[in-house]
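Below you'll find only one chain, the form predicted on its own, shown as structure tokens.
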């Protein structure tokens, strides 16, 4: 009961809310970043359909990133300072990529036909830069912001692996939201992206315990290993199920077109949960604990009131948008 009396539970609540926001962002904005990267391999007509599939959602998806970073800044100012100091350059590139995507998204619809291809390339480039920057930041975070060429090389590798994961969930989104030739192409893209995603999971799963004796002990000592064993087993099972479904799609009547996307979301959730368990109770790996980095309890109480207002609004808005615009995508039009 002491943890409730002295307010020590507040930092844990905010850590959970921040983690939840980043997980939702990685799923929702992950698929539209993946669609942006996959556009490079589509025809002009297919690109219009791909943009139409994410048009009603992509702007709202990014609000979860704003919420997550906002919680980090207000609730964990010490951690925000450490993280931003070490990741200043990739954060800048991520923001540049997001700006390029936002500009290209609208300009491609209003530009002359001769200029449309340029804005398509800008949208692709912005998606690629954003996804790679996020992966690079994840790689640096996993290593505890270590310096040296080996750390940079690992972060670069994770950057490409995250792009593969985004392409997988983006292809799953296209399988669910499109039909015909574009859907068949999306199945092929998903098969290729699945290979890259499996490599990404293997690399991060191996590197995370190796860089930290504490994490190694959490994962590979009894009885923890018994409680954590379901995470890799379930992840492997979901990967096999995705592979099986991709070999059977597309089906007559478009049945089960939503399954690859749903299974990929499950993979994202399990991987995120594994990382969260690995780093707990630290918010900066092996440097700064959640409790030590948090703002004063009095401040957190006020912030919590605001968070409990904002979070249901975001959830309700997201649910409503996906409910209204469910079904197969059409070409996005500004007429």
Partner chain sequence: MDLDPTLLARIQFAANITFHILFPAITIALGWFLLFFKLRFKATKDAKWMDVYFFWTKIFALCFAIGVVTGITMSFQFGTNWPGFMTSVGNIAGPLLGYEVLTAFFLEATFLGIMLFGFKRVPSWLHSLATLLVALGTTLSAFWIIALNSWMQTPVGFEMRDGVAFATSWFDIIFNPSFPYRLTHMLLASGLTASFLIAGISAYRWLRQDRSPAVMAAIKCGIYSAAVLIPIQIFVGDLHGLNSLKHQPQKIAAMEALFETQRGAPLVLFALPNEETKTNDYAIQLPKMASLFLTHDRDGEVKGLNEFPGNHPPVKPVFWAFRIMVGTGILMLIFSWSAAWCLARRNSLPRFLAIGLIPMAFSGWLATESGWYVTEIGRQPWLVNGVLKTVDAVAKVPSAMIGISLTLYLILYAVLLVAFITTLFYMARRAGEKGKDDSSPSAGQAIVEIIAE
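Think of the rigid core as the biggest set of C-alphas that the two forms share within 1.5 Å after superposition. Residue numbers count along the first chain shown, from 1. Small disclaimer: the values here were computed from a predicted structure and weren't measured.
The protein also exists as the form predicted in complex with its partner chain; that form is not presented, and the subsequent description refers to it.
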*Does residue 247 reach its partner chain in the predicted complex if we count a contact as any heavy atom within 4.5 Å?*
no
*Going by a heavy atom distance of 4.5 Å, is residue 314 a contact of its partner chain in the predicted complex?*
yes
*Find out whether any non-hydrogen atom of residue 298 is located within 4.5 angstroms of its partner chain in the predicted complex, and reply yes or no.*
yes
*Does at least one non-hydrogen atom of residue 88 fall within 4.5 angstroms of its partner chain in the predicted complex?*
yes
*Looking at its partner chain in the predicted complex, do all three of 121, 148 and 225 come within 4.5 Å of it through at least one heavy atom?*
no
_Selected contact from 302, 276, 291, 269, since only one has a non-hydrogen atom within 4.5 angstroms of its partner chain in the predicted complex_ = 302
*Work out which of 27, 42, 307, 284 lies within 4.5 Å of its partner chain in the predicted complex, going by heavy atoms.*
307
*Name the stretch: of 150-158, 79-87, 254-262, 198-206, exactly one has residues whose heavy atoms fall within 4.5 Å of its partner chain in the predicted complex.*
79-87
_Those residues of 58-80 which, in the predicted complex, come within 4.5 Å of its partner chain by heavy atom_ = 58, 59, 60, 62, 63, 64, 65, 66, 67, 69, 73, 74, 77, 78, 80
*Could you check whether the CA atom of residue 324 moves 2 Å or more between the shown form and the other one, using the rigid core for the fit?*
no
*Align on the rigid core first; then say whether the Cα of residue 314 has moved by at least 2 Å between the shown form and the other one.*
yes
